[in-house]
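Heads up, the chain below is alone and in the form predicted alone; it's given as structure tokens.
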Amino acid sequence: MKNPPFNYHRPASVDEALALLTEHGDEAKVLAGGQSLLPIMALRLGRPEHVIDIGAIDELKSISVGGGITIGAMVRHAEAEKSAEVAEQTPLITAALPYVGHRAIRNRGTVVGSIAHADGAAEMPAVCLAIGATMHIASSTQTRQVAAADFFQGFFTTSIEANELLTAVHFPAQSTSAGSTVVEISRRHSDYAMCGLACMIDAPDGTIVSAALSFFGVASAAVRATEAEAALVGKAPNNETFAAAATIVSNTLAPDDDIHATAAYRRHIAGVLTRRGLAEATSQIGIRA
């Protein structure tokens, strides 16, 4: 299906892009990798009057190290997936990216674009919540930073205003005593997950001091299982502890039924993935559950 007609803009700088967003507001959409926007337009689920292609803005194409990793808005999934700096600083991102679409999609799609799209079944928003990422948002009049917990507001909805651009996302460095992983259940590899988990656990002296259980595919946006996380703290990282956390997850998540899976199935799988993810993350720090 062909896209509906639109006015195409290709700014050469962030300032130029922000000026276009200020001018056109709600009538404009930003194009980065195009792996989400173009199908939406082709299916007539969105019909922006103006498309602002930020692909020519070189300042958005960098990965920088400093207190973690900052990924610019035009960094492709494939580039971040192969980055030694990303793997060293934030291994949870490296674990998540192979699940994002197919290789061809990762060669074109962008990490920050996936985050801005805010699909509740996508991996990167859940990773942002688990890590505690910070969004760098700019307009023509100001720049601001927004925590991941405040950024995702619902189904395909974020705190980005119509005149703003998400220019980069900062991910704090993972503790050297922590382990992390991503586990999910989907009908086929690279399909959207019916249920998935971005998981981190820190147990420097054989006792859990912090944990993050960030689920995707179970709600309109990624969600932290905070009650289960709190139950893990102060406990030994073993199968009994993980089973107790899994029970809490299955009892507290409230997914909906849809054509892909029932709510009961998703609650069950969420518990299974909790045990599996915690065990895998723990094994990375030399502890056998």
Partner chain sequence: MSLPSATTPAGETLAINVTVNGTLLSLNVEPRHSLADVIREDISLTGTHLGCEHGVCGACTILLDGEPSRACLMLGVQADGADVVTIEGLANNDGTMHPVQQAMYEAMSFQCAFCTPGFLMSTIALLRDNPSPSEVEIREGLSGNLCRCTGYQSIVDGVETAIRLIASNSAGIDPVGEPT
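What you are looking at is a predicted structure, and each value in this text was computed from that prediction instead of being measured. Positions refer to the first chain, counted from 1.
Below: the form predicted in complex with its partner chain, not depicted.
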Check: Looking at 150-158, 83-91, 183-191, 203-211, which lies within 4.5 angstroms of its partner chain in the predicted bound form, counting heavy atoms?
Finding: 183-191
Next item on the list: Evaluate Gln284 for contact with its partner chain in the predicted bound form, applying a 4.5 angstroms cut-off between non-hydrogen atoms, and reply yes or no.
Entry: no
Note to self: Against its partner chain in the predicted bound form, would Arg144 count as a contact residue? Criterion: heavy atoms within 4.5 Å.
What the structure shows: no
Margin query: So in the predicted bound form, is its partner chain close enough to Asp256 to count as touching (4.5 Å, heavy atoms)?
Written below: no
Next item on the list: May I ask you to check whether Gly68 falls inside a 4.5 Å heavy atom distance of its partner chain in the predicted bound form?
Entry: no
Next item on the list: Scan Ala28, Ala246, Leu31, Val223 and let me know which has any heavy atom within 4.5 Å of its partner chain in the predicted bound form.
Entry: Leu31
Item checked: Within 4.5 Å of its partner chain in the predicted bound form: residues from 209-236 (heavy atom criterion) -> none
